[in-house]
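Listed next as structure tokens is one chain, alone, in the form predicted on its own.
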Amino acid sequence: MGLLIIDEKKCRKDGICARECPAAVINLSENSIPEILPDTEARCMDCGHCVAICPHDALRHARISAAGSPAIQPALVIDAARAEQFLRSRRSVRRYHAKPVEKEKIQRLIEVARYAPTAGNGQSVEWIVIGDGERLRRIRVLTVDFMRELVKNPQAVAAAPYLPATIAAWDAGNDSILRGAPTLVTAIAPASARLGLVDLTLALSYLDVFAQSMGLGTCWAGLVSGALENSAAVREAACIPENYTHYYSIMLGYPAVQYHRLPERKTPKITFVE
């Protein structure tokens, strides 16, 4: 049996799946039934386009779960106005309740985030979730230690003038690193993933936006991510494997604040080339 499983009673032989296949591996047999020839199966990316595009529900893919490929429900499709408000209402949360985030909610967030696009459908993004208070404190302390060394260089301070104030806030007893977030989520990808940083950034963006629908808040942990990039001690504390060269962290928790308006942003600079 090949990769494609066709219900010939439902198939209309319209060739839509073949035309939409990104890898161009779907052919039409003599009787116009879609098939992937054995010598081209290795080129299939398992992207699921063929499953998603068939309007007749006539096609299944041997490596893509039918149970995990539900039909799109029109009742759940949101209109443009709702989508715009949802996206614009996302804020970077910098004050959190001490309440830990339930593992089930984190699991669901990541389950949704895995549907973000990845280069060549590589799906190489993995996740490290840290909720242990002592380990989070170690990450904070090591990040501040890294920053103390960094500010000894005047050029570094000129490039990032917020660093001295961030350190001063920490020394005054304020968590200027993780803002009291009870959870740190880091998306990682191995060195072999050529566009791993792009892949994990897209996945984190999915998680970031979806979190608000679950009553959770997020903030991209740029200070920690900068320390991860330059400090082996911080990478070890954050449990980054040695052969994973792509990573970025995001804070996660229950917001201690609530927002009520949608502030304006700068007018986008757009160049249309026709």
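Source: prediction; values computed, not measured. Just count from 1 along the sequence shown to find any residue number.
Not on display, but discussed next: the form predicted in complex with a small molecule.
Asker: Using a 4.5 Å heavy atom cut-off, which of 22-30, 36-44, 217-225, 66-74 contacts the small molecule in the predicted bound form?
Answerer: In the other structure, the partner sits against 217-225.
Asker: With the cut-off set at 4.5 Å between non-hydrogen atoms, does Tyr206 touch the small molecule in the predicted bound form?
Answerer: Taking the distances in the predicted bound form, the answer for Tyr206 is no, it never comes within 4.5 Å of the small molecule.
Asker: Might Met251 be said to contact the small molecule in the predicted bound form, defining contact as any heavy atom within 4.5 Å?
Answerer: Yes, contact at 4.5 Å.
Asker: Can Lys105 be called a contact residue for the small molecule in the predicted bound form at 4.5 Å between heavy atoms?
Answerer: Output for Lys105 is no: heavy atoms all beyond 4.5 Å of the small molecule.
Asker: Examine Ser92 and determine whether its closest non-hydrogen atom to the small molecule in the predicted bound form is within 4.5 angstroms.
Answerer: Within the cut-off, so yes.
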